[in-house]
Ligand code: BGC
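Okay, here we've got a single chain as structure tokens, the form predicted alone, with questions on binding and movement later.
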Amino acid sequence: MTCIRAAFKSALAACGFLLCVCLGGCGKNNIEEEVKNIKIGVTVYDQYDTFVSQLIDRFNIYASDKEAESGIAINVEVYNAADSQSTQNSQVETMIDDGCDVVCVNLVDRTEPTTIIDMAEKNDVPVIFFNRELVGEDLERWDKLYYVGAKAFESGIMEGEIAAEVFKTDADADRNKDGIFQYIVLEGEAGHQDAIVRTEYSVSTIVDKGVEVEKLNYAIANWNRAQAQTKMSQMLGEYGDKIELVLANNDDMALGAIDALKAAEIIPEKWPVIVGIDGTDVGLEAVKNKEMAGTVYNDKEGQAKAMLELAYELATGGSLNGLELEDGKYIRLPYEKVRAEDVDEYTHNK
């Protein structure tokens, strides 16, 4: 029996030694497999959209900062879908095949994310949608889908507040002195949620503030400065100085309206009140020069940073607890009103 016990103890000791070796080996492998680099793929609906372009510029800056801070190499690959959903779907497929740890998508068509979601789920690659919000039900289809952006209706409310304030404080805004704000709208894409919501809430807010309005016309300009210039030129030809207010769904279209006024050689004193949304660098400059009455600041820095931090944590298997995710899915940054008196705060400090 003594011999058997001795043999048993020897066997246990041997197993213990082997277990320690194995555990030691696993620990070493874990260290060797520690994340040293990550790859983030980004696809935008249109690289020539000023707001989106500036957001991506800042995303790349924050990625470089994060790389220096963490010691983990961060490779960002950016694709332009050129306003084609099928192109964007192919780009996401390429990014997944290339080994991207996370894919960030600025949807071309917010109602058509199915192909992207299916590919991502099949390959277990998290997706961060940004700036162009998809339908909520689609975001719930998988637990690794997220959205970074803002609430479109807030921007419409603030745009309306800026316009109403001008009408109430500047007698010259009511050029025909009839007590009514005659306006036109330069809208983004036809049927696009942000465009619809921004227009609806901007107008209803002006009315809620006690200002009577009259809609002269509207035009779809697809968020585009050149298209907005063309549409504004056409409406100037039809309505001339009857236009007292231009509500633009974004700064690019507001700037297009300004381009049209300049091309028509109308002096600034006879311009209608022009309000934009986004707070792009060029939009802020127009507010500073008093070519625009104001804009609504869409926090591109905050969105870019939030998107980078979320992508980093997802790619490295980190914790999302500190990211203040709404419903575990959303990161939304607030809008801010910008007028000439406070524009320097945004041009200098943002």
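Each residue number is its position in the shown sequence, starting from 1. Please read these numbers as outputs of a predicted model, since none were measured by experiment.
Unshown form predicted in complex with the ligand; subsequent notes refer to it.
Proximity to the ligand in the predicted bound form holds for all of Phe51, Asn131 and Asp194, with the criterion being a heavy atom within 4.5 Å. For the ligand in the predicted bound form, the listed stretch (287-295, 57-65, 320-328, 41-49) containing residues with heavy atoms inside 4.5 Å is 41-49.
Using a 4.5 angstroms limit between non-hydrogen atoms, Asn250 touches the ligand in the predicted bound form. Proximity of Asp278 to the ligand in the predicted bound form: non-hydrogen atoms within 4.5 Å are present. Shown here without the ligand, the chain has no residue in 303-324 lying with a heavy atom within 4.5 Å of that partner in the predicted bound form.
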